[in-house]
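Presented below, as structure tokens, is a lone chain in the form predicted on its own.
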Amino acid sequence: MDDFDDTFSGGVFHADIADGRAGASIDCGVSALSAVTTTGARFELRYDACTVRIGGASGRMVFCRSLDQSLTIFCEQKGFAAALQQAAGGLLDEGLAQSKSELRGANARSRNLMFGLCLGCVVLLVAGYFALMAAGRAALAAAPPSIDEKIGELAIEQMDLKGSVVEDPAIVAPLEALVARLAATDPDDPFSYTLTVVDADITNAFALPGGQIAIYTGLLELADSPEQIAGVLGHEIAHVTERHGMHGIARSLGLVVAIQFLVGDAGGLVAVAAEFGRFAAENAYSRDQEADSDRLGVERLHAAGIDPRGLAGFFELLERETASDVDIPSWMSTHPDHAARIAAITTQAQRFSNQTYTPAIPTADWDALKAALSPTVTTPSPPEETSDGRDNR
């Protein structure tokens, strides 16, 4: 179609045509553009007496109009614009160039408009998401403590604790008394605490909504003092009172779950409880939540008359054990800024002056607890390897 005498399919607008418009065959002649309609009518438009514009719905339609605009010959067939430009010998170059420039500008404006519309949709979606999350948090804040308690009970019933529940009173009783001592420091605390001791060589503890707290014998065996255990329990109680787990699940599951909290939907609560089981196993709290629990735990320890430096001491113990085979709990290993946490706890504890602390667990009870955990250990002799390959500590 590079030859200027090629024929193209197009159309004509003219008053002499019925309905003012007809399809036509168009030829790019030497000096003029000619069009023959389907009825045989012939029209010519000299190059030096016409204007040209590119547009139409497709953006490819070429309109050639007489100066008085009585005649318009149009075509959008591929190659027509190039053939017209070649045949006109430069007479239509300026008009074609200007029309193409205007078309590019219109296309750019159209793209910008579409981009703006898409961006607006994204903004609306993001705003809607945060609005739903805000509504979920508001619904959660309105949920009574009984919802936390129900979810915590369901969650611990469904969880695989990775070990059997310890019932030995030499172990359980002193720890329950310690939890009660810590809980008594806040008479406005709406939650009641239930402690579960799990027999497993896991250095971990976790809290569920409503006051369910679990601690593993692996952590108890590792601890050097009852104040270290008190620090861990105070930290976990703070997660309960601040409802950190509830907020985490609300963020991940959204408004529907928050509504289920409010209406007490049994099926929904069971599903949420299962999610809490996974959440608790991973202790997936944020750094800010961990820092808050450290701070509030220190305050509660001090109020209970227990040396709050025990929490820092437990972290220091874990830091020393990092190079050994001891499994570091997830709430420690997933927050590598533990050195900063130790420093923050120590600094906070130093602000409490002229305070006389009492043992977190009476010495006799602590010795009995440790003996019940490792009955073969009677003196602080070097560790001995047992039949299962573990060291007695």
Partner chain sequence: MDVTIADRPSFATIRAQLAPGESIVAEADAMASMDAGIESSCRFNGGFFPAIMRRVFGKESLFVNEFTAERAGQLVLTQALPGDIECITLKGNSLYLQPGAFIACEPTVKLSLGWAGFASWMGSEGLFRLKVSGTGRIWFGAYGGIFAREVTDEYVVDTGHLVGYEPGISLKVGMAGGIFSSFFGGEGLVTRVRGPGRIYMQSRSFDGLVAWTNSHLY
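Residue numbers count along the first chain shown, from 1. By rigid core we mean the largest C-alpha set that fits within 1.5 Å across both forms. Since we're looking at a predicted model, the values are computed, not measured.
One more form of this protein should be noted, the form predicted together with the partner chain, which is absent from this view; the next part is about it.
The stretch among 359-367, 57-65, 26-34, 341-349 whose residues place heavy atoms within 4.5 Å of the partner chain in the predicted complex is 57-65. Although the partner is absent here, I17 lies within 4.5 Å of the partner chain in the predicted complex, judged by heavy atoms. When contacts are judged by a 4.5 Å heavy atom cut-off, S70 does not count as touching the partner chain in the predicted complex. Among heavy atoms of L373, none comes within 4.5 Å of the partner chain in the predicted complex. Heavy atoms of T38 reach within 4.5 Å of the partner chain in the predicted complex, making it an interface residue. Think of it this way: in the predicted complex, the partner chain has a heavy atom of just one of E153, D199, E76, E290 within 4.5 Å, and the residue is E76. Contact annotation for 206-236: no residue has a non-hydrogen atom within 4.5 angstroms of the partner chain in the predicted complex. In a rigid-core overlay of the protein, A291 has its C-alpha displaced by under 2 Å between this form and the one not shown.
Residue displacement note: C64 has its CA displaced by under 2 Å between this form and the one not shown (rigid core superposed). Relative to the superposed rigid core, F74 undergoes a CA displacement of at least 2 Å between this form and the one not shown.
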